[in-house]
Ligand code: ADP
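One chain is shown next in structure tokens, namely the form predicted alone.
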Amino acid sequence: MTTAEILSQAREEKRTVLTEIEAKQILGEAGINCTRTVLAASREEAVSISEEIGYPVVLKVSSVDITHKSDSGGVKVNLPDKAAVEKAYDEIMTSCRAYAPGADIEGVSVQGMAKAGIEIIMGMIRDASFGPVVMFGLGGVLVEVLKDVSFRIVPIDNNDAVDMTSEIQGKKLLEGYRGQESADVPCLQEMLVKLSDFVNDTPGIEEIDMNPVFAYSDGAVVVDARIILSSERVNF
């Protein structure tokens, strides 16, 4: 489905939270590289999709009613074969139904296990005074501990993106600290501009969270994504 179709369907279903699969489809259409993520509605589908994508894989619960997938036991990573996928699917279903008995669970999302990289967070929040603001910083648990992030009001250009990646305190990690692989910073800057362009051109987006984004020396990929729509009716 196109971005307009996904957003319109969510509105028709009277929901403001998109699934991870929907969020990644939208971001991909905006030119932002995301891990391929496919919905499996059964254990058998999860195995079939895993074998098509190639092991190892990651399974995550797919439900708009379960925002914190890890807290619910809804994430299983680095699954090496069919037996591991079958076991993980059953465990996710059991755990998530116990965690949120009333949740509408459509299945699990299946994606390839991305190679680890420097963890980055990108996103957008809507400020009451300034409107949409894009964010960049160190991702994973570091964003919660250090809160090392930079912000700019939408729209931004490449110069703004350069400033954003330069002004965080942890920028040395992007440069290859103590022999670690450096990040493809121009790619991250391009992703920020594309994110800004998408937000600027698409009304009704309340929040976007891309965390983690794995940054490599030759690119970057969004591993997990969330999009929340505004509660006001918008025509797409």
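When you see a residue number, it is the position in the sequence shown, counting from 1. Just so you know, these numbers come straight off a predicted model, no measurement behind them.
What comes next is about the form predicted together with the named molecule, which does not appear here.
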Please tell me which of A114, V149, A88, V133 lies within 4.5 Å of the named molecule in the predicted complex, judged by heavy atoms. A114
Of V75, I105, A100, A84, which residue is found within 4.5 angstroms of the named molecule in the predicted complex when only non-hydrogen atoms are counted? V75
Give a yes or no for K172: in the predicted complex, does one of its heavy atoms lie within 4.5 Å of a heavy atom belonging to the named molecule? no
Any of the heavy atoms of E22 lying within 4.5 Å of the named molecule in the predicted complex? no
S42: heavy atom within 4.5 Å of the named molecule in the predicted complex? no
Could you confirm whether T67 comes within 4.5 Å of the named molecule in the predicted complex, counting heavy atoms only? yes
From the candidate stretches 199 to 207, 57 to 65, 186 to 194, 172 to 180, select the single one in contact with the named molecule in the predicted complex, where contact means a heavy atom within 4.5 Å. 57 to 65
Go through 24 to 40 residue by residue and record those having a heavy atom within 4.5 Å of the named molecule in the predicted complex; state none if no residue qualifies. T35
